[in-house]
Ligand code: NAD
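Presented below, as structure tokens, is a lone chain in the form predicted alone.
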């Protein structure tokens, strides 16, 4: 019989409850209890049939707890993770995992020292739009890719919670950048050489309510990553340019690929515009291009916890590796530095 794992949630807010619901759909793991500093969330745990621990220390002292999930505000992650690891617990932590790469380095060191598993919940690695773009890139469906644009746009500003507060790790670089940058660094091979970034403060002067960064890789690929919260007309989630075609991918994997079929027919008939003729921007004729539907790649977020359990049992390699998380965090710090100095930052 496969081993049964017990997980305790520390911080039963929105994401903590998301984990509770997700784990309920996975075999061999169950939530045995939760602790939250708010009594209404403690009562919520009881209402859901969970044991409400009276303190964080009680969680750590419970011998049946195999895994501690840290889903508290970001500024509390470091201490909770370190204490849980030292108490002999395996740890899953929400992201952003820390407030600095220095804190993260300490967490990784304690995990190595204790021999316990420490995994960051980079859940958007299982987004189907990302997996679809990754397949397009890796299989060179557009020929050699030379530019990737990844965007998330909204129009509600920053939500009225920790995301507005610098001391809790707020702002869009830490909230959404941690996802989008992780996806890019996972997909594009090779060293990242240059970083240039700017931030917006349309609705909030304390933290960034949006950012744009240009990333230059050693292999020649250029990437734009952008998050905006004051966009009332959204640009595509993904826009990918290759030598032989272009792909547009929206949320839900809606979109298309347009690819060249005949490079020999490259001449164009000039078209008339309001102020004159243009040959350069004349549209291609239908006999030289072909429009293809996307080939969506399905993702299953349940695979995250299945991997965590397999790693604890020594049966699998960790999917979300600490060194990958560190690289993302150092990139976020480079983005902050670039925006502050208004300069290009050398990275790797």
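Residue numbers count along the first chain shown, from 1. Because the structure is predicted, anything quoted here is derived from the model rather than measured.
The form predicted together with this ligand is left out here; the points below concern that form.
Undergrad: Since exactly one of 215, 104, 71, 173 fits, which has a heavy atom within 4.5 Å of this ligand in the predicted bound form?
TA: After the contact test, the surviving option is 71.
Undergrad: Only one of 99, 80, 240, 117 comes within 4.5 Å of this ligand in the predicted bound form by heavy atoms, so just point that one out.
TA: For this set of options, the contacting one is 80.
Undergrad: May I ask you to state whether residue 76 is within 4.5 Å of this ligand in the predicted bound form, using heavy atom distances?
TA: Looking in the predicted bound form, residue contacts with this ligand include residue 76, since a heavy atom lies within 4.5 Å.
Undergrad: Taking the shortest heavy atom distance, is residue 151 within 4.5 Å of this ligand in the predicted bound form?
TA: Residue 151 lies outside the contact set for this ligand.
Undergrad: Is residue 89 close enough to this ligand in the predicted bound form to count, meaning some heavy atom within 4.5 Å?
TA: Output for residue 89 is no: heavy atoms all beyond 4.5 Å of this ligand.
Undergrad: Taking any heavy atom pair closer than or equal to 4.5 Å as contact, tell me whether residue 163 reaches this ligand in the predicted bound form.
TA: Looking in the predicted bound form, residue contacts with this ligand include residue 163, since a heavy atom lies within 4.5 Å.
Undergrad: Based on heavy atom distances of 4.5 Å or less, which listed stretch (220-228, 140-148, 245-253, 117-125) is in contact with this ligand in the predicted bound form?
TA: Partner-contacting stretch among the options: 117-125.
Undergrad: Just give me the residues of 28-67, first to last, that have a heavy atom within 4.5 Å of this ligand in the predicted bound form.
TA: 35, 36, 37, 38, 41 sit within 4.5 Å of the partner.
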